[in-house]
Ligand SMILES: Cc1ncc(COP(=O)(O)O)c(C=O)c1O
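One chain comes next, on its own, written as structure tokens: the form predicted alone.
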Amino acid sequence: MKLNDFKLERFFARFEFTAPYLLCTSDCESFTIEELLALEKNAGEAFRKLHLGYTETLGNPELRCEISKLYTNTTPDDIIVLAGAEEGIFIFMNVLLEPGDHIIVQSPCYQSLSEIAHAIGCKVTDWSMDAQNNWELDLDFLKKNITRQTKAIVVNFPNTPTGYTMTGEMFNKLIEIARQHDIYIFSDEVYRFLEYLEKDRLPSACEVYDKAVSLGVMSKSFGLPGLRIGWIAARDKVLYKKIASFKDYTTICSSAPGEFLATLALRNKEYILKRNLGIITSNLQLLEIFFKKYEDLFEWVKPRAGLLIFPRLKFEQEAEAFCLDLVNKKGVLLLPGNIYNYDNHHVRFGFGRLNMPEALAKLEEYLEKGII
């Protein structure tokens, strides 16, 4: 398998650790180890005594139990712990797909959700969201593009980079389409639990469809990317066993400290999610003011969940040139849409960090100087 460069990761490799103002990050404000250990009495002592041997391939049983509590109709035996979300994507695609197979992928998307299938030799159909209709998806397009070779539909709600999430009614129709054709759904749910209103939270795909695989991670909603702990939830036991077996050729097992801290965090998930949603909703209010002030420069869709938006530039300068000039002159990093193989007129904003107001103020300084 030969993979093309991961454009987003290569872009971040250039700027993520040098630009002082990251206005496009995809994760919530993180925690220190000290802050996590303070969540429970005696956690610090237990962490210091942690044995640093190999961990179980499927994941620590206690961690798998805590992960399973995020779902209904799902047990610890349906969970496999992985090294972040990326490993889950990579293994699922390699286990399920063969050259000549077909998948349909919601677009724009995180590159590996389509790139790995391309590298395997599959046909990939982009299921594009409609930027002129609040990023809505067309279910008729989906139905028309399913063939006998279609193995999976790949979706991501809340979506990166747009922030879009389906209504419950549409989601049910999506599940029924997959069921009628007996094809898998791979559901990237790394921003689940960041819905601003609980009524907008979709069921996890694995809860409602036995051929669905749900992907989760500690990095996004929980703000703990440094743990490198992700997971898949899958009730299809044949597929589950294949994923577990393939993992022997990737990471084998996870980090013991990462599993310990992830378990601790999930036991305290209500506190962590409440704190993260507080940061997000406060920052979103500032973004509403910003986009109202600069409505002649940006067109945006306010999301109902998550911490990402994908506004369109209304001026002639291309997005990549705009982002590079901005980071060079003001140290503010935005992500251009061409990184997603989408277009060069959208940019990704991320608003899950505490210093977003400061970054936004620097962007305003840039705009007020008449750069555009």
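The numbering used is simple: start at 1 and walk along the sequence shown. Computed from a predicted structure; not experimentally measured.
Just so it is clear, the following notes concern the form predicted in complex with the named molecule, a form of the same protein that is not shown.
Undergrad: Looking in the predicted complex, is the named molecule within 4.5 Å of a heavy atom from each of S221, T263 and N268?
TA: Verified in the predicted complex; spot residues all out of contact, no.
Undergrad: Can T165 be called a contact residue for the named molecule in the predicted complex at 4.5 Å between heavy atoms?
TA: Contact with the named molecule, no.
Undergrad: Taking the shortest heavy atom distance, is T150 within 4.5 Å of the named molecule in the predicted complex?
TA: No, no contact at 4.5 Å.
Undergrad: Taking the named molecule as it sits in the predicted complex, is E259 in contact with it (heavy atom to heavy atom, 4.5 Å or less)?
TA: No.
Undergrad: Using a 4.5 Å heavy atom cut-off, state whether E195 contacts the named molecule in the predicted complex.
TA: Taking the distances in the predicted complex, the answer for E195 is no, it never comes within 4.5 Å of the named molecule.
Undergrad: Which single stretch, out of 271-279, 284-292, 169-177, 211-219, brings residue heavy atoms within 4.5 Å of the named molecule in the predicted complex?
TA: Flagged stretch: 211-219.
Undergrad: Check each of S114, S107, N94, N156 and return the one that places a heavy atom within 4.5 angstroms of the named molecule in the predicted complex.
TA: If I apply the 4.5 Å criterion carefully, the residue I get is N156.
Undergrad: Please tell me which of V190, I103, A205, I232 lies within 4.5 Å of the named molecule in the predicted complex, judged by heavy atoms.
TA: Checking each option against the named molecule in the predicted complex, the one that comes within 4.5 Å is V190.
Undergrad: Scan 3-29 and note down the residues that get a heavy atom within 4.5 Å of the named molecule in the predicted complex; none is a fine answer too.
TA: Contacting residue: only S26.
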